[in-house]
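Only one chain is given next, in structure tokens, and it is the form predicted on its own.
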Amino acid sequence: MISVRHLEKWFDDNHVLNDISVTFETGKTNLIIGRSGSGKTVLLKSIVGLHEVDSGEIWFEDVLFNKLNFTEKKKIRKEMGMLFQGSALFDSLTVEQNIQFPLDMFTDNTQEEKIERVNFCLNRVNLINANNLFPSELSGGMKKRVAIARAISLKPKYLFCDEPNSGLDPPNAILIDALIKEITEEYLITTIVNTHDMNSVIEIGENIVFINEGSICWEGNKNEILHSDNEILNDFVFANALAKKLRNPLK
């Protein structure tokens, strides 16, 4: 479980996060949604420690993360998996080497143990015999799956996904959503997904936080979001549905 309490973040005169308090549950897909510039990416980066907050608390279980020193934070970061918007694979490394990278950094495992873990992760994301391929040889969906395999290589307790479906066609986006949800439930991970994709919201949104202009405007789940009487939320949902329709007029 990750708990955020009364978080405040300013960039000069811009009040980006305003009294954010929310709990992200273990074993569930927790989604942060909102328009571009709403503060959702800043919130995600603040939780993982890429931004220092001005005030408030970020708890990982019973550990007050944002008050730890660098060495203490590193211990928690070993328990984090990150899935970046652009996959962020190393172009000069093979699939195997990309997935092994966190194992080289944070473990004392033997090479045999590392390869065994790499192959397990590749099998888990349905990418068998892709070890020696380079990112340039992969499709967009395959890159995302390699990135997920790398994110779970250290058996994380916490998984952070920043726009995981960005740039993917609908079939691959559905596949990635399903994979994130399966892994979250299977390994009881606390997963936080930053997204504006309404398909993801409807498919895997077990705990949803809608941020508007730096404040939490609505909380609920995928069954409640379409029946909300929150006008700001409804405008956001409608705008996303309309944009999707314009991109895919025959669907």
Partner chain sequence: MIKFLTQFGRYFLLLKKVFSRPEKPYIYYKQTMHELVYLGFYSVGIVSIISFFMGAVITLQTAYNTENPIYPTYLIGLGCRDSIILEFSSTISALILAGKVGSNIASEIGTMRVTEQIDALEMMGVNSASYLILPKIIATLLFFPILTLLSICVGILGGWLAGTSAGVITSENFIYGIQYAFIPYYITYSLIKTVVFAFIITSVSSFQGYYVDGGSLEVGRASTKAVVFSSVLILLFNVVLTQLLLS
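Residue numbers count along the first chain shown, from 1. All values reported here derive from a predicted model rather than from experimental measurement. Under this definition, the rigid core comprises the largest set of C-alpha atoms superposing within 1.5 Å between the forms.
Here the subject shifts to the form predicted in complex with its partner chain, a form of this protein not shown in this document.
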The listed residue (Leu188, Leu64, Leu226, Leu50) that reaches within 4.5 Å of its partner chain in the predicted bound form by any heavy atom is Leu50
From the list Glu113, Asp104, Asp169, Glu137, which entry has a heavy atom within 4.5 Å of its partner chain in the predicted bound form? Asp104
Please state whether all three residues His6, Lys28 and Ile58 have a non-hydrogen atom within 4.5 angstroms of its partner chain in the predicted bound form. no
I need the one stretch from 217-225, 28-36, 199-207, 41-49 whose residues put non-hydrogen atoms within 4.5 angstroms of its partner chain in the predicted bound form. 41-49
Phe120 within 4.5 Å of its partner chain in the predicted bound form, heavy atoms: no
Using the partner position in the predicted bound form, report whether Ala178 sits within 4.5 Å of its partner chain, counting heavy atoms only. no
So, in the predicted bound form, is Asn131 in contact with its partner chain at a 4.5 angstroms heavy atom limit? no
Flag Met82 as yes or no: does it have a non-hydrogen atom within 4.5 angstroms of any non-hydrogen atom of its partner chain in the predicted bound form? yes
Across 216-237, the residues having a non-hydrogen atom within 4.5 Å of its partner chain in the predicted bound form turn out to be none
Post core alignment: Leu93 C-alpha displaced by 2 Å or more between this form and the one not shown: yes
Comparing between this form and the one not shown on the rigid core: C-alpha of Ser136 shifted by 2 Å or more? yes
